[in-house]
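The chain below stands alone and is given as structure tokens, in the form predicted alone.
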């Protein structure tokens, strides 16, 4: 059994490394197929804004950042790999040579806070409501929440964000949208104080609320389906025949087993937390990693895009590995490789 576990772990790690390399390589060449490059975009900006000639703008831009648009792409790729070997993500092409790792460390906590909090809230509420919908299926709660979950799950998250801004914020004035932009209020000293924490929650309210509305419907419907399937199992019938209380049956037998597919999905979703939601963060001017990625794409900041895509790829691969391990730990019936009793 130990040999099987070691073999499975080795294969999983190797597959993960190959996946990360493939994603890294694909994104490296893909972003260079986009029209324009960081130097040309800056040249066009100088020509349009300051009325410079093409040659003057090119000379001015050449002093701003170290990038040669005429360098062969394959040579750029070799340089990128050599930097990665030294754990160097490079420097931003458009932010005064700021290290990409420094940018990621600055913006990543905001995304982890907002999207992570939203994922926790949506998962917890979705599991509880979905469990109740399945257990009392056919009733008023089930009918109402099924319609709600189906409708809200079909609406893209950016549409929900726009509706919150235009309807609840501008027209009905239920939400002070103008006061909630950004990550925190200027002038408040960062720290583990009640004032600062409440300010963080206030500014994260709109992104978190949007994330929750956009994802809770999926958790509810998945939990309902999984619970209904679990309720039809033979061991549930046997447990009822033994006279177990409904509360214990619901929590210890039904809920625990119905949550297994959702736990796997949760582990995978955690990997996508790192990427955040670029559109949502951009709409609410939230200083997360997704908004930084959007800005980098607009400026063709190749090194910043490469660094963010690499971090997202690593987080997704690691979360998938953890999902496999988590499912095997939660359900002892699962055996690696399908072998049972291997020593």
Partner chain sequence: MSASADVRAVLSEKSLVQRLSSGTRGTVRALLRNKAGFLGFLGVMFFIILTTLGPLVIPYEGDPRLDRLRPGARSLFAPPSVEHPLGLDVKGRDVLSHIVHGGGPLILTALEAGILTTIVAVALGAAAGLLGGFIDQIISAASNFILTIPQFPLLLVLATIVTFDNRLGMALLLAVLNWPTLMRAVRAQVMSLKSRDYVEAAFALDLGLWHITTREVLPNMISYIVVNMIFTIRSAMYFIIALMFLGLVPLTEPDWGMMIFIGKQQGSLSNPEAAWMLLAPVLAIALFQLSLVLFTRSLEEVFNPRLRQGV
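Fair warning: this is a prediction, and the values are worked out from it, not measured in the lab. Numbering follows the first chain given and starts at 1.
In what follows, reference is made to the form predicted together with its partner chain, a form of this protein that is not presented.
Q. Would its partner chain be touched by all three of 120, 182 and 200 in the model of the complex, meaning a heavy atom each within 4.5 Å?
A. No.
Q. Which among 98 to 106, 124 to 132, 111 to 119, 164 to 172 is in contact with its partner chain in the model of the complex, heavy atoms within 4.5 angstroms?
A. Stretch with heavy atoms near the partner: 164 to 172.
Q | Answer option from 154, 78, 85, 144, heavy atom within 4.5 Å of its partner chain in the model of the complex | A | Flagged contact: 154.
Q.
At 4.5 Å between heavy atoms, is residue 17 in contact with its partner chain in the model of the complex?
A. No, residue 17 stays farther than 4.5 Å from its partner chain in the model of the complex.
**Q.** Interface membership of residue 13, its partner chain in the model of the complex, 4.5 Å heavy atom rule
**A.** It does not: once its partner chain is placed as it appears in the model of the complex, residue 13 has no heavy atom within 4.5 Å of it.
Q | Partner contact for residue 61 in the model of the complex: its partner chain, 4.5 angstroms, heavy atom | A | Because no heavy atom of residue 61 falls inside 4.5 Å of its partner chain in the model of the complex, the answer is no.
Q) in the model of the complex, does residue 150 have a heavy atom within 4.5 Å of its partner chain? A) Output for residue 150 is yes: heavy atoms within 4.5 Å of its partner chain.
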